[in-house]
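For reference, the chain that follows is the form predicted alone, supplied as C-alpha coordinates.
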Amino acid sequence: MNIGFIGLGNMGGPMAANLAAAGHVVTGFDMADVAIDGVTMAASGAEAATGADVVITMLPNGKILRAVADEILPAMTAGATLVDCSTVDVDSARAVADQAAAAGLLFVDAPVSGGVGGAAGGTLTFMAGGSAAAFANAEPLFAIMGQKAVHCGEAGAGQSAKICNNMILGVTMLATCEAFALADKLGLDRQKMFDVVSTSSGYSWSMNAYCPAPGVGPQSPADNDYKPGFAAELMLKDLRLSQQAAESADADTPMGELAQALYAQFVETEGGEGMDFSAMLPRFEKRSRS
(Lines give C-alpha, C1' and ligand atoms only; values in the text may rest on other atoms or scores of the structure.)
Protein backbone atom coordinates (compact mmCIF):
# COMPACT_ATOMS: atom_id res chain seq x y z
CA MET A 1 0.00 0.00 0.00
CA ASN A 2 0.87 3.67 -0.24
CA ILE A 3 0.70 4.87 3.37
CA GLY A 4 0.81 8.37 4.79
CA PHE A 5 1.94 8.53 8.42
CA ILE A 6 1.51 11.72 10.43
CA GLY A 7 3.04 11.93 13.89
CA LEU A 8 6.44 10.21 14.02
CA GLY A 9 7.31 10.47 17.71
CA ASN A 10 8.24 7.75 20.18
CA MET A 11 5.25 5.65 19.12
CA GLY A 12 4.58 6.69 15.53
CA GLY A 13 8.21 6.52 14.40
CA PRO A 14 8.75 2.81 15.06
CA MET A 15 5.26 1.96 13.82
CA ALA A 16 6.00 3.67 10.49
CA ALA A 17 9.40 1.98 10.30
CA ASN A 18 7.79 -1.43 10.74
CA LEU A 19 5.36 -0.72 7.90
CA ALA A 20 8.21 0.36 5.63
CA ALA A 21 10.26 -2.72 6.57
CA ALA A 22 7.31 -4.88 5.56
CA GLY A 23 7.45 -3.45 2.04
CA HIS A 24 4.85 -0.69 2.11
CA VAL A 25 5.59 2.73 0.63
CA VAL A 26 5.45 5.09 3.59
CA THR A 27 5.46 8.88 3.37
CA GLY A 28 5.68 10.60 6.74
CA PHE A 29 5.28 14.00 8.34
CA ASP A 30 6.06 15.32 11.80
CA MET A 31 6.36 18.83 13.20
CA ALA A 32 9.83 17.88 14.50
CA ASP A 33 12.78 17.24 12.21
CA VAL A 34 12.95 13.44 12.33
CA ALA A 35 14.35 10.70 10.10
CA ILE A 36 12.75 7.24 10.12
CA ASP A 37 14.28 4.22 8.38
CA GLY A 38 12.49 3.51 5.12
CA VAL A 39 10.14 6.50 5.39
CA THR A 40 10.16 9.35 2.86
CA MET A 41 9.51 12.63 4.64
CA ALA A 42 6.96 15.11 3.30
CA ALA A 43 6.82 18.87 3.83
CA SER A 44 3.30 18.81 5.28
CA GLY A 45 0.56 16.52 6.48
CA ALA A 46 -1.45 17.19 3.34
CA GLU A 47 1.51 16.16 1.18
CA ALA A 48 1.93 12.92 3.16
CA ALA A 49 -1.78 12.16 2.70
CA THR A 50 -1.94 12.86 -1.04
CA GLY A 51 -2.36 9.65 -3.04
CA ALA A 52 -2.28 7.40 0.04
CA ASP A 53 -4.45 4.30 0.31
CA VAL A 54 -4.32 4.62 4.09
CA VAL A 55 -3.29 7.57 6.26
CA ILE A 56 -2.30 6.81 9.86
CA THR A 57 -2.13 9.48 12.55
CA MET A 58 -0.48 9.25 15.98
CA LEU A 59 -1.11 12.57 17.71
CA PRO A 60 -1.11 14.01 21.25
CA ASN A 61 -4.79 14.94 21.71
CA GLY A 62 -8.19 15.46 20.15
CA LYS A 63 -7.68 19.16 19.40
CA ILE A 64 -4.62 18.38 17.30
CA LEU A 65 -6.40 15.45 15.63
CA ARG A 66 -9.24 17.75 14.55
CA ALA A 67 -6.77 20.30 13.17
CA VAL A 68 -4.83 17.65 11.26
CA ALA A 69 -8.08 16.21 9.90
CA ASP A 70 -9.04 19.66 8.59
CA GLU A 71 -5.74 19.73 6.70
CA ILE A 72 -5.47 16.20 5.34
CA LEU A 73 -9.03 15.09 4.55
CA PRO A 74 -9.34 17.42 1.51
CA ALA A 75 -6.02 16.01 0.20
CA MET A 76 -7.04 12.35 0.53
CA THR A 77 -8.37 10.29 -2.37
CA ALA A 78 -12.05 9.30 -2.18
CA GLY A 79 -12.37 5.79 -0.78
CA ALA A 80 -9.09 5.97 1.17
CA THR A 81 -8.99 5.17 4.89
CA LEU A 82 -7.89 7.39 7.77
CA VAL A 83 -6.69 5.38 10.78
CA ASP A 84 -6.18 7.40 13.96
CA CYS A 85 -4.01 5.56 16.48
CA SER A 86 -3.91 8.46 18.95
CA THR A 87 -5.59 8.26 22.35
CA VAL A 88 -8.13 11.09 22.25
CA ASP A 89 -11.57 11.93 23.58
CA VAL A 90 -14.49 9.95 22.17
CA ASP A 91 -16.23 13.10 20.88
CA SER A 92 -13.22 14.06 18.75
CA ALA A 93 -12.99 10.55 17.29
CA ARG A 94 -16.66 10.62 16.34
CA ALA A 95 -16.44 14.15 14.93
CA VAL A 96 -13.53 13.21 12.65
CA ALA A 97 -15.36 10.04 11.61
CA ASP A 98 -18.34 12.14 10.50
CA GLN A 99 -16.02 14.56 8.71
CA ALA A 100 -14.30 11.69 6.89
CA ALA A 101 -17.62 10.14 5.86
CA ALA A 102 -18.78 13.47 4.43
CA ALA A 103 -15.60 13.54 2.31
CA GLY A 104 -16.19 10.02 0.96
CA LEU A 105 -13.50 8.48 3.16
CA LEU A 106 -13.40 5.60 5.64
CA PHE A 107 -12.28 6.13 9.23
CA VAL A 108 -11.01 3.92 12.05
CA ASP A 109 -10.20 5.10 15.57
CA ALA A 110 -7.59 2.62 16.76
CA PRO A 111 -5.77 3.59 19.96
CA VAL A 112 -3.06 1.21 21.06
CA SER A 113 -1.79 -0.59 24.12
CA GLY A 114 1.77 -1.78 24.50
CA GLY A 115 3.87 1.36 24.83
CA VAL A 116 7.11 2.26 23.09
CA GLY A 117 8.44 -1.29 23.40
CA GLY A 118 5.35 -2.65 21.69
CA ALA A 119 5.63 -0.07 18.92
CA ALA A 120 9.26 -0.99 18.26
CA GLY A 121 8.65 -4.73 18.50
CA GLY A 122 5.45 -4.77 16.47
CA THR A 123 3.50 -6.24 19.39
CA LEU A 124 0.87 -3.54 19.98
CA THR A 125 -2.79 -4.24 20.63
CA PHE A 126 -5.22 -2.13 18.61
CA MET A 127 -8.73 -1.30 19.87
CA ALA A 128 -10.61 -0.28 16.75
CA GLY A 129 -13.86 1.54 16.06
CA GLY A 130 -15.41 2.06 12.64
CA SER A 131 -17.28 0.24 9.91
CA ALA A 132 -16.45 -3.34 8.95
CA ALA A 133 -15.11 -2.10 5.62
CA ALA A 134 -12.82 0.45 7.27
CA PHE A 135 -11.51 -2.12 9.73
CA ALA A 136 -10.87 -4.60 6.90
CA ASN A 137 -8.73 -2.02 5.10
CA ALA A 138 -6.66 -1.34 8.21
CA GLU A 139 -6.38 -4.89 9.56
CA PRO A 140 -3.37 -5.98 7.42
CA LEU A 141 -1.44 -3.00 8.73
CA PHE A 142 -2.45 -3.75 12.32
CA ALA A 143 -0.98 -7.23 11.80
CA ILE A 144 2.40 -5.67 10.95
CA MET A 145 2.42 -3.08 13.73
CA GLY A 146 0.91 -5.30 16.42
CA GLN A 147 -0.03 -8.74 17.63
CA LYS A 148 -3.76 -8.21 18.11
CA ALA A 149 -6.53 -5.99 16.77
CA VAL A 150 -10.06 -6.04 18.15
CA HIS A 151 -12.92 -4.47 16.23
CA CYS A 152 -14.88 -2.97 19.12
CA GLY A 153 -17.77 -1.42 17.18
CA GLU A 154 -18.64 1.76 15.33
CA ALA A 155 -16.62 4.99 15.34
CA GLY A 156 -15.54 5.98 18.84
CA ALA A 157 -15.68 2.41 20.17
CA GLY A 158 -11.90 2.05 20.02
CA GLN A 159 -11.39 5.13 22.18
CA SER A 160 -14.14 3.97 24.53
CA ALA A 161 -12.41 0.61 25.01
CA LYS A 162 -9.02 2.24 25.56
CA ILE A 163 -10.16 4.70 28.23
CA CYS A 164 -12.24 2.08 30.07
CA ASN A 165 -9.28 -0.30 30.07
CA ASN A 166 -6.89 2.37 31.33
CA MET A 167 -9.30 3.54 34.00
CA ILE A 168 -9.24 -0.03 35.34
CA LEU A 169 -5.44 -0.03 35.08
CA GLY A 170 -5.07 3.26 36.95
CA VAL A 171 -7.41 2.18 39.74
CA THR A 172 -5.86 -1.27 40.16
CA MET A 173 -2.33 0.11 40.20
CA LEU A 174 -3.28 2.52 42.97
CA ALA A 175 -4.84 -0.31 44.97
CA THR A 176 -1.75 -2.47 44.42
CA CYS A 177 0.58 0.30 45.57
CA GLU A 178 -1.58 1.07 48.59
CA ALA A 179 -1.59 -2.60 49.57
CA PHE A 180 2.19 -2.92 49.37
CA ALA A 181 2.61 0.22 51.47
CA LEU A 182 0.19 -1.17 54.04
CA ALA A 183 1.96 -4.55 54.02
CA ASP A 184 5.26 -2.78 54.73
CA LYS A 185 3.80 -1.04 57.77
CA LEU A 186 2.30 -4.29 58.99
CA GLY A 187 5.72 -5.95 58.76
CA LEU A 188 4.77 -8.29 55.92
CA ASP A 189 7.61 -9.28 53.59
CA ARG A 190 7.00 -7.99 50.06
CA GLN A 191 7.90 -11.27 48.40
CA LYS A 192 5.47 -13.14 50.67
CA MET A 193 2.84 -10.53 49.84
CA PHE A 194 3.41 -11.10 46.13
CA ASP A 195 3.39 -14.89 46.50
CA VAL A 196 -0.01 -14.77 48.17
CA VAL A 197 -1.74 -12.07 46.16
CA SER A 198 -0.45 -13.14 42.73
CA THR A 199 -2.02 -16.57 43.18
CA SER A 200 -5.24 -15.60 44.94
CA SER A 201 -8.17 -13.24 44.59
CA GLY A 202 -5.98 -10.12 44.51
CA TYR A 203 -4.50 -11.24 41.19
CA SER A 204 -4.25 -8.44 38.59
CA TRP A 205 -2.05 -7.32 35.72
CA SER A 206 -0.69 -4.55 37.95
CA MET A 207 0.45 -7.13 40.50
CA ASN A 208 1.43 -10.10 38.34
CA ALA A 209 2.92 -8.55 35.21
CA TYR A 210 3.95 -5.03 36.30
CA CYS A 211 4.58 -5.31 40.01
CA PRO A 212 5.35 -1.85 41.51
CA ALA A 213 7.68 -3.30 44.17
CA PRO A 214 11.36 -3.51 43.11
CA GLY A 215 12.83 -7.01 43.08
CA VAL A 216 9.45 -8.69 43.27
CA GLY A 217 7.76 -10.50 40.39
CA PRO A 218 8.79 -10.12 36.74
CA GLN A 219 11.12 -7.26 35.86
CA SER A 220 9.25 -3.96 35.62
CA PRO A 221 10.01 -0.21 35.71
CA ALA A 222 10.19 -0.51 39.51
CA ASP A 223 13.49 -2.33 38.93
CA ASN A 224 14.81 0.63 36.92
CA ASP A 225 14.20 3.49 39.38
CA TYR A 226 10.64 3.82 38.03
CA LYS A 227 11.73 5.12 34.65
CA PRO A 228 8.74 4.67 32.31
CA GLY A 229 7.33 2.32 31.08
CA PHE A 230 4.06 4.08 31.00
CA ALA A 231 4.58 7.58 32.34
CA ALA A 232 2.39 8.88 35.15
CA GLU A 233 1.42 11.92 33.07
CA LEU A 234 0.11 9.62 30.32
CA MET A 235 -1.98 7.74 32.86
CA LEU A 236 -3.29 11.10 34.05
CA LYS A 237 -4.20 12.01 30.46
CA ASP A 238 -6.15 8.76 30.04
CA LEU A 239 -7.91 9.13 33.38
CA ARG A 240 -8.96 12.66 32.43
CA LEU A 241 -10.34 11.29 29.16
CA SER A 242 -12.26 8.66 31.11
CA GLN A 243 -13.83 11.30 33.32
CA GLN A 244 -14.64 13.53 30.35
CA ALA A 245 -16.41 10.56 28.76
CA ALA A 246 -18.15 9.69 32.04
CA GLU A 247 -19.49 13.22 32.32
CA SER A 248 -20.69 13.16 28.72
CA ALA A 249 -22.39 9.78 29.24
CA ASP A 250 -23.74 10.62 32.72
CA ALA A 251 -21.87 7.64 34.21
CA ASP A 252 -20.99 7.39 37.90
CA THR A 253 -17.27 6.58 38.15
CA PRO A 254 -16.11 7.53 41.66
CA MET A 255 -13.01 5.30 41.63
CA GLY A 256 -11.94 6.68 38.27
CA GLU A 257 -12.51 10.21 39.54
CA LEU A 258 -10.42 9.59 42.65
CA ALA A 259 -7.66 7.95 40.58
CA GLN A 260 -7.57 11.02 38.36
CA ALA A 261 -7.25 13.31 41.39
CA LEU A 262 -4.44 11.25 42.92
CA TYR A 263 -2.44 11.07 39.68
CA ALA A 264 -2.98 14.81 39.13
CA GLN A 265 -1.55 15.50 42.59
CA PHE A 266 1.37 13.13 41.96
CA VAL A 267 2.24 14.56 38.54
CA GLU A 268 1.55 18.24 39.11
CA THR A 269 2.66 18.90 42.68
CA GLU A 270 4.70 15.90 43.89
CA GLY A 271 7.38 15.51 41.22
CA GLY A 272 5.83 12.49 39.54
CA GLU A 273 6.12 13.81 35.99
CA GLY A 274 8.57 11.68 34.02
CA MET A 275 8.21 8.71 36.38
CA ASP A 276 6.39 5.47 35.70
CA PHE A 277 2.79 5.32 36.84
CA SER A 278 3.76 2.53 39.27
CA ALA A 279 5.91 5.05 41.18
CA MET A 280 2.81 5.60 43.30
CA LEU A 281 4.29 2.91 45.59
CA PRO A 282 7.21 5.03 46.91
CA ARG A 283 4.72 7.90 47.15
CA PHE A 284 2.44 5.89 49.47
CA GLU A 285 5.43 4.51 51.40
CA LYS A 286 6.34 8.02 52.51
CA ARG A 287 2.86 9.06 53.58
CA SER A 288 1.04 8.57 56.85
CA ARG A 289 -2.71 8.27 57.29
CA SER A 290 -3.27 11.86 58.39
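Worth saying up front: this structure is predicted, and the values here are computed from it rather than measured. Just count from 1 along the sequence shown to find any residue number.
Omitted from view is the form predicted together with a small molecule, to which the following refers.
Every residue of the trio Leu8, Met11 and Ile64 has some heavy atom no more than 4.5 Å from the small molecule in the predicted complex. The contact residue chosen from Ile163, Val112, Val90, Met76 relative to the small molecule in the predicted complex is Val112, the criterion being a non-hydrogen atom within 4.5 angstroms. Proximity to the small molecule in the predicted complex, defined as a heavy atom within 4.5 Å, singles out one entry of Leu234, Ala46, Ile36, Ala245, which is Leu234.
Although the partner is absent here, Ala251 is not a contact residue: none of its heavy atoms lies within 4.5 angstroms of the small molecule in the predicted complex. Although the partner is absent from this view, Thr176 stays clear of the small molecule in the predicted complex, with no non-hydrogen atom inside 4.5 angstroms. Using a 4.5 angstroms limit between non-hydrogen atoms, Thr81 is distant from the small molecule in the predicted complex. The shortest heavy atom separation between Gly51 and the small molecule in the predicted complex exceeds 4.5 Å. Heavy atoms within 4.5 Å of the small molecule in the predicted complex map, among the stretches 146 to 154, 81 to 89, 206 to 214, 177 to 185, onto 81 to 89 alone.
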